[in-house]
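Next up is one chain by itself, shown in structure tokens, the form predicted alone.
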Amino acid sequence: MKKLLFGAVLLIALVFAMPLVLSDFGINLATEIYIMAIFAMSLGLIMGYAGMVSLGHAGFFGIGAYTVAVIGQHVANTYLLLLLAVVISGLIALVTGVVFIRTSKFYFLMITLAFGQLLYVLFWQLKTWTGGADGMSVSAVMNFGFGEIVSPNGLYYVMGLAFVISYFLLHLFVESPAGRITRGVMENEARMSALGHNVRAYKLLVYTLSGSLAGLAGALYAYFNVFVSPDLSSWMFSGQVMVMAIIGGVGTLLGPALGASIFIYLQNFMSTYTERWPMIMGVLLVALVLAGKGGLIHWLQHGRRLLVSRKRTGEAVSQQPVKKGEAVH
């Protein structure tokens, strides 16, 4: 618990301190990173803690974004719009998850891909409500009762706070009994079933939570970008967030967030120097896969374990008594 509180204070301090050293461009970039980090963590939750790899996860992101864009034309309450985005995304995840979790591995990947593309076509075809292929502007303005939040700094702090809250709520879930059972289902589904656990119920729970969180990220993106389009639910966007999670490291919560920050940085900064920035991303992804130790967060953990091991070995050698005759005169 002390580690969790210390981590919370450190993360909040980092979020509040960063605008002091960032330029206006950097603040906008960090704001986008916070949103994508929430999205990547939602996919990382089902990939790394439930063993479900989805290529349709952007569908929930699109649902959240279009909820704010479409309903926001008639409702101005930010609390209500964010709540609707989370609830609608969660309900659709719950309904579709009942069917999807009956499949596994390759079949789960393909059925989620079909789901994402179905939403993509719906957003494209329902031109009256969604603007079709041209997309639509977001008229809703973020306002939590303290005035409209339209400045880059205001949006930065809101997205940063949303990221911190999302991270710690996910941390509480994965460390809860339900979260540990879900990890057990990923490692050995037959054994957990034999122990009397309802495997499908836990898989459905984590899939619904993941869909709700992706919907929240989409709603925040609509406020940030002030424009939404069907591309937000395409399979290519799902593939991008999957790359974020893999580069950062699945099986951890901070890994996908780290991967999102690297991906967005390369996409926005490196693209000003070269149009071949996806090649850099591809080389990094291939190198990480071939190395076989997972994403960057796993490499950092591996390096820390090596340092601790060498330090302990050095301390053990220095504490060994010097045998008679071995002393240096």
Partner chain sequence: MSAILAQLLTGVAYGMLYFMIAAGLTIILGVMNVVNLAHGTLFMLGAYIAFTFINDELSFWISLLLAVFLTAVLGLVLEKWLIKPVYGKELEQVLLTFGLSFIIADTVEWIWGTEMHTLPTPDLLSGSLSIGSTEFPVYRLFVVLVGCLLAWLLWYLETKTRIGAIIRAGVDDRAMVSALGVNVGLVFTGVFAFGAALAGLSGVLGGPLIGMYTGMDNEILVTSLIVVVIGGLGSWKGSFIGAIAVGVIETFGKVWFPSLSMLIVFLIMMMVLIVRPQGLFGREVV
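Residue numbers count along the first chain shown, from 1. The model shown is predicted, which means the values in this text are computed figures rather than measured ones.
The same protein has a further form, the form predicted in complex with its partner chain, not shown here; the description that follows concerns it.
J.: Evaluate T103 for contact with its partner chain in the predicted bound form, applying a 4.5 angstroms cut-off between non-hydrogen atoms, and reply yes or no.
T.: Contact check for T103: yes, within 4.5 Å of its partner chain in the predicted bound form.
J.: So, M110 and its partner chain: in the predicted bound form, are they within 4.5 Å at any heavy atom pair?
T.: Yes, M110 lies within 4.5 Å of its partner chain in the predicted bound form.
J.: Do T96 and its partner chain come within 4.5 Å of each other in the predicted bound form, heavy atoms counted?
T.: Result yes; T96 sits at the interface with its partner chain in the predicted bound form.
J.: Please check if V226 has a heavy atom lying within 4.5 Å of any heavy atom of its partner chain in the predicted bound form.
T.: Taking the distances in the predicted bound form, the answer for V226 is no, it never comes within 4.5 Å of its partner chain.
J.: Check each of I63, A50, L55, I264 and return the one that places a heavy atom within 4.5 angstroms of its partner chain in the predicted bound form.
T.: None of the others qualify; the residue that does is L55.
J.: From the list I165, V141, L195, A114, which entry has a heavy atom within 4.5 Å of its partner chain in the predicted bound form?
T.: Exactly one residue meets the criterion: A114.
J.: Does its partner chain come within 4.5 Å of a heavy atom in each of W235, R276 and V289 in the predicted bound form?
T.: The answer is yes: all three residues contact the partner (heavy atom, 4.5 Å cut-off).
J.: Which of 119-127, 72-80, 201-209, 141-149 has heavy atoms within 4.5 Å of its partner chain in the predicted bound form?
T.: Result for this chain: 119-127.
J.: Can you tell me which residues in 215-233 come within 4.5 angstroms of its partner chain in the predicted bound form, by heavy atoms?
T.: Residues within 4.5 Å: none in this stretch.
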